[in-house]
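Starting off, we have a lone chain in the form predicted on its own, written out as structure tokens.
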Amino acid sequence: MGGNFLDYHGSKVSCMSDPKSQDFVEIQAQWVSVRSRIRQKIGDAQFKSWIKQIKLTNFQDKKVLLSVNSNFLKTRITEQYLDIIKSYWLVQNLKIDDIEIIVIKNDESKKNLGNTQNKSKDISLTESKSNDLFNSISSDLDSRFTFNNFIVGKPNELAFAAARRVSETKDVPFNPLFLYGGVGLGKTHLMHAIAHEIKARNPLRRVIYMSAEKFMYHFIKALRFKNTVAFKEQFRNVDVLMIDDVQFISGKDSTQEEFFHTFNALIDQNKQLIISADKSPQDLEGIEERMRSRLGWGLVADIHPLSYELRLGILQAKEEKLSARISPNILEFLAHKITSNVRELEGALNRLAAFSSLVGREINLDMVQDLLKDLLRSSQKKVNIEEIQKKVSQHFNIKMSDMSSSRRSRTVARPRQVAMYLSKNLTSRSLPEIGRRFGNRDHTTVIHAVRKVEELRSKDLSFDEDVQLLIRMLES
């Protein structure tokens, strides 16, 4: 026999003593024919991705040995194409008893297959690099972002419940889980919380969490250093893959292509994918249609803009952990005035607590308005009462003039109350000023309207969704 060489796991595989023998020449011709027939059946794209990667390595004792250069290729080809290869080959040669696919790392690049010592060193280096890649590729998790620290309310309860379900079971309940919402509403918090919970329950589960930008960076790096096989194996052999802010691969065609194949490979293996973005799959711009379709396969959970109740709950929870005490009326003021996202709420609260601690004085409302004038001004400029009246009139199909008219029918009075409620929550205008803009009504009428809308939102899901939709339209 000729020399021996090592497969990917270090096992010896004998080479043909005479590759020019008649039997081997016939086997080579049959392999060419088999490849050609498979290409006609599956098309050029699939052929190039899979069958073209296979090498005819040996034929001995009625057994054909084929090789590929990665475990990923072996698994995928064995599952999807080995039966086709066998059926086509047996048509030509009934003497073949078996066809096996093995892994030989860097087979094409090694001219001297008999040099087992050098081959073994190359394989060890490759495996070491692959392990180093896995250890370094996942982003660090923030210890503050756990389920226990996440404040739940109507705007985020579906996303929270879905995140908990995914983290608590090995079975894949929906794939992928797609979380979306605006900046600072809690998507990243939930992603970190899922990863923390999964690792706490089973430290051996392989979890990769990273931003879409980091995924793109590693892919480009793999292309540059011609290490795409290790890249593919790293991502396609995890138990849970979590990609944050997937909108950042918008317009990046090659990265989308690789993400698409990674997505499909993991779905096929029933591995869990968790994706986040600032918009729903169908609203993502610069993303291929097939990708948007795949992203919407599982459960799509929207994190809505924060309600007043949820904003207040977040502030109360954060305030309990601060050394300085902030009075309830200040927290209520912040919850009313800072409506954009959690980060701004936390930033405002931290600024007040720091000031109180440093100067040793209790915070009052005048100090708040002075210390946070930049944040308050930023929140105030987004919307005005006229915009609110216009949007609400359009939504409920009433005339703009009805906002200030004396009509009291429910079809007019209820939208008017909603507009007052939104004016109170989305602008910095005082109650008397809001009343004047609604037909010179008294400020007590505005207070009644706000309380009525809050009551209806807590009892009527459909009404609450109407109000949430209006808030999103006005703040977008």
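The first residue of the sequence shown is number 1, and the count goes up from there. A quick note: this is a predicted structure, and the numbers were derived from the prediction, not measured.
Beyond the structure shown, there is the form predicted in complex with adenosine-5'-diphosphate (ADP), which is absent from this document and is the topic of what follows.
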Is E387 part of the interface with adenosine-5'-diphosphate (ADP) in the predicted bound form - any heavy atom within 4.5 Å?
no
Since only the chain is shown here, I'm wondering whether N149 would be in contact with adenosine-5'-diphosphate (ADP) in the predicted bound form (any heavy atom pair within 4.5 Å).
yes
So, in the predicted bound form, is F145 in contact with adenosine-5'-diphosphate (ADP) at a 4.5 angstroms heavy atom limit?
yes
Is G186 one of the residues lying within 4.5 Å of adenosine-5'-diphosphate (ADP) in the predicted bound form, judged by heavy atom distances?
yes
Only one of 263 to 271, 332 to 340, 167 to 175, 312 to 320 has heavy atoms within 4.5 Å of adenosine-5'-diphosphate (ADP) in the predicted bound form; I'd like to know which.
312 to 320
Joint contact, P305, S423 and E465 to adenosine-5'-diphosphate (ADP) in the predicted bound form, by non-hydrogen atom at 4.5 Å
no
Quick one: from E213, E157, E346, D239, grab the residue that has a heavy atom within 4.5 Å of adenosine-5'-diphosphate (ADP) in the predicted bound form.
E346
